[in-house]
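Just one chain is shown here, as structure tokens, and it is the form predicted on its own.
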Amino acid sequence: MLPYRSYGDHGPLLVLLHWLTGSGLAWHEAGKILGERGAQCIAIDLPGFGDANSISGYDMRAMSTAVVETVRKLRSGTTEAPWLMGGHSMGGKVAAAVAREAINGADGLSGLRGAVLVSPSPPCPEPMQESKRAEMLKQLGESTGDADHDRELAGKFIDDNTGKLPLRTEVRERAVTDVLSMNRTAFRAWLEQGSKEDWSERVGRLPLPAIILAGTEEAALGPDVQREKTLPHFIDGDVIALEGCGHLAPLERPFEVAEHICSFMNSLGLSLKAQAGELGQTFASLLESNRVSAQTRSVMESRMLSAATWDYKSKALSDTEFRTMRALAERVVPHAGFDVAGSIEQRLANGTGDGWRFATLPPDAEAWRKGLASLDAAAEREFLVPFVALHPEQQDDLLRKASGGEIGKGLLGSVHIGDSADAYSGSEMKQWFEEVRGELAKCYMAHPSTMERVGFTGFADEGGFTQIQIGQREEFER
């Protein structure tokens, strides 16, 4: 059985394979997000890499067989449960071979519902120029004997595969460590054999839906190559181009990758349960007690029900705008445990806001669209990628600037020259973010699971309160 890392303890299972020189840790950030969203992710180390660097068997058949055996053991006792197969780069080609085994009825692999591929090496021989192959073999095929020089070469390899936005320092260092800890025989074997193997006929056309993510800054395995080489192997699939992203999307864009995976799972009817979907027994009993009015109980239960899953599909905003909204919500109320952005978007779609707004700003839905567009424009100007693609620290910095009125259209935009003509001005952006921040915080605090978390019982007022001093509690609160 191959080593693996797991994220999340319930929900649909997603098995993930990594890229050449990487390990299951390449999925760490995306896996954590998916685990919080209600998916169960298993990130496997392929033979020769990560914690499996002493395990042999580097050709396609050996690797796919090892993955099949691992998945079979991991799914023991739950063989009828739905699951998905995923892979990045090298892992994408192996994932397609495993998917074929599942479709062919291999024991323990029933229930496969779809494939998630990120910049995958296609089932056919990888379209890599021989000069590039030779360069990679020279760069990393053998240790130089100088640890510092080896680390320098590994860092250059990581940077060469990264898009417009450099990796976070800790993520880059982890990726470099993966390179240095791999079995170099496995690395050479993939370049000289595995990547050249033709599995087109064996994989065939899989009766599975698939999403294929690929960065527009990809040199060899970008969106166009995926449409030509990988997409035809699936009966139903979609290639999604990640603007400004390189080959390392799970490391470069974990939030964005997780968002697309969640949407894909939802499209397959696989429900992602929110962490805040259940209340503790004590709090739930209080909510059901005669201290809570029927009207209050109905409102609280409605809030629980509307935020019970991560299955919400935007109606007032475009898919792109909604992903930006979720990224913004995650920075204002991180780890909320439920889809705060989904709750807000639903209000926009239904027109059920509180009716209050700054006189200088447009109605709610339009205000959100304009504000999100302004955030994206600011991110593109400063970092060359959209807001959703930024690292959390960069998003926080941009939001601090928005709060201070430091981002927005300038003089040229004010006279409708340039791309920023429809953006907010700095003062408008400050007002919009003030309103947004309050709305997100209010939505978060109004959820029963948050009330339980902070120990708020003020809603249980049907019988009134008698203890009003600091530190005093009612009998039912003890």
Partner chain sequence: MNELGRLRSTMRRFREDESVDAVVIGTGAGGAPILATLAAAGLSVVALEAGPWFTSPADDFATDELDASKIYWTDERLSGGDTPEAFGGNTSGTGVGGSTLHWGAFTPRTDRRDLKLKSESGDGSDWPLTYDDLLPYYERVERFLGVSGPASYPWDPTRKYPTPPVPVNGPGELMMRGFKALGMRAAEAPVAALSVDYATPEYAERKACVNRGFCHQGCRNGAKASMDVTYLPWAVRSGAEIRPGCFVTGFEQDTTGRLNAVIYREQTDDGRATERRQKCRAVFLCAGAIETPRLLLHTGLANGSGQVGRNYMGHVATQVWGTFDQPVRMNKGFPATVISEDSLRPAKADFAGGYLVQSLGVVPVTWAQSVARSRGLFGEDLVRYLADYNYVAGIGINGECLPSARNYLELSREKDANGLPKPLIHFSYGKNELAIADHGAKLMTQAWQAAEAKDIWRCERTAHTIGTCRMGESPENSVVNAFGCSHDIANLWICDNSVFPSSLAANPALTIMCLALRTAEAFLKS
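Between two forms, the rigid core is defined as the largest C-alpha subset superposing within 1.5 Å. Small disclaimer: the values here were computed from a predicted structure and weren't measured. Numbering follows the first chain given and starts at 1.
What comes next is about the form predicted in complex with its partner chain, which does not appear here.
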With the cut-off set at 4.5 Å between non-hydrogen atoms, does residue 238 touch its partner chain in the predicted complex? no
Please determine whether residue 353 contacts its partner chain in the predicted complex, using a 4.5 Å cut-off between heavy atoms. yes
Using the partner position in the predicted complex, report whether residue 295 sits within 4.5 Å of its partner chain, counting heavy atoms only. yes
Hey, in the predicted complex, is residue 364 touching its partner chain, heavy atoms inside 4.5 Å? yes
Quick one: which of 397 to 405, 308 to 316, 265 to 273, 142 to 150 gets within 4.5 Å of its partner chain in the predicted complex, going by heavy atoms? 397 to 405
Pick from 381, 205, 138, 335: which has a non-hydrogen atom within 4.5 Å of its partner chain in the predicted complex? 335
Heavy atom within 4.5 Å of its partner chain in the predicted complex - residue from 260, 174, 75, 303: 303
What I'd like checked is whether 458, 471 and 474 together line its partner chain in the predicted complex, meaning each has a non-hydrogen atom within 4.5 Å of it. yes
Let me know which residues along 438 to 454 have a heavy atom within 4.5 Å of its partner chain in the predicted complex, or say none if there are none. 438, 441, 442, 444, 445, 446, 453, 454
Checking residue 297 here: with the core superposed, does its CA move 2 Å or more between this form and the one not shown? yes
Given a core-based superposition, decide whether the C-alpha of residue 460 shifts by 2 Å or more between this form and the one not shown. yes
